[in-house]
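Just so you know, structure 1 and structure 2 below are the same protein chain in two forms, each on its own as structure tokens.
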Structure 1
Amino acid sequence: MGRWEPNARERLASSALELFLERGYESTTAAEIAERAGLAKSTFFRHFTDKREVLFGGQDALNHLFGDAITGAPDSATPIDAVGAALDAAATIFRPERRAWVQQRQAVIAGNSDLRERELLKRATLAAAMADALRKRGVTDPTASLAAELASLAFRNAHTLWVGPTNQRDFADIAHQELHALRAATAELD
């Protein structure tokens, strides 16, 4: 591929993931990623601040997607219904054709403690974004925080199941099943 060809960001992400799987995350440099993609090192840094962002760079978009779905839910939606709308919105990102890439991404993250820590931070940020969106709807705490944490846990569980090697189900179906199971589990707390 020539340096002039389009989709530099996607090429860099694909090359990075290949190298992370081949050599390990720690042993791969930004220069090697750019070289594999047929691009200059400076191009890498125009698209990503560092090599971690290849794996986590879409977090702001995910936070906005979830927040917009929650604030855009019908006025009659309960807090759980509103976070359910956020999980539906996530299905637009977690499409079947992206599953292999997400599986490989998870394998890289699982093999590196710093990346696992980063993923936990990103999940906390997502839960905070959902709680903020619920508060914008007029939901008070602790309800807003609890609904956001339940949605975050449902999202994590659904993500784990969705990338499973035998999964054939859509992300939204899995996420709603997980949210329903967690909601039912809260009834057992009394």
Structure 2
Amino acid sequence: MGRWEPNARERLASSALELFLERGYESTTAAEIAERAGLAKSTFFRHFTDKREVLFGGQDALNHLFGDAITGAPDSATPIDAVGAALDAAATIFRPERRAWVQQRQAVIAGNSDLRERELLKRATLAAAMADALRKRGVTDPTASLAAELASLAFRNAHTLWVGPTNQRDFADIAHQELHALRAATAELD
């Protein structure tokens, strides 16, 4: 069904990351990304609604991964157990071989405020997906959104640590440690 070379979307995404690292996000035009991928500007916007979105391709998969992990957790699992299962599932994506790529991507995001803003949207969407999955389990609402928000915070912290220079541990380990630290901090609130 493709025309010439297949995987247009992936070619666009990797061309974009290359160019962002070479010239910076703002100094790279959508037309240049398309050109490096051997495509036209109009084709770029057929695959990505935004110039920003080209860096957030796997987000839908992540949402489904988290949601399915929570939905599929055993009935005996508490809300914290369920979101813990979601963090385990995340380790499927954040594997050691992908760390370099995630680091590059994150460096680009850190360098531009539009991208950081989009990242916030993605995190909020992920938290909403987790809250939805928890509600499907029968968890009622202050608790469901709270657990989702805690998990989102743990995920953010774990992601930062996992990308950072000092750490080589498994993503799931870091994430669980962060989630546990947040649970413990609950006792320090008053």
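C-alpha atoms forming the largest set that superposes within 1.5 Å between two forms make up the rigid core. Here the structure is a predicted model, which means the values were calculated and not measured. Residue numbering: structure 1 sequence, from 1.
The second of the two standalone chains is derived from the form predicted in complex with a further copy of the same chain. Assigning each C-alpha to the better-fitting of the two rigid parts between the two structures places residue 171 and residue 100 together.
Smaller rigid part rotated by 17 degrees relative to the larger one between the two structures (C-alpha superpositions, whole degrees). Core-superposed comparison between the two structures: residue 32 shows a Cα shift of 3.2 Å.
Taking the core as reference, the C-alpha deviation of residue 46 between the two structures is 6.3 Å.
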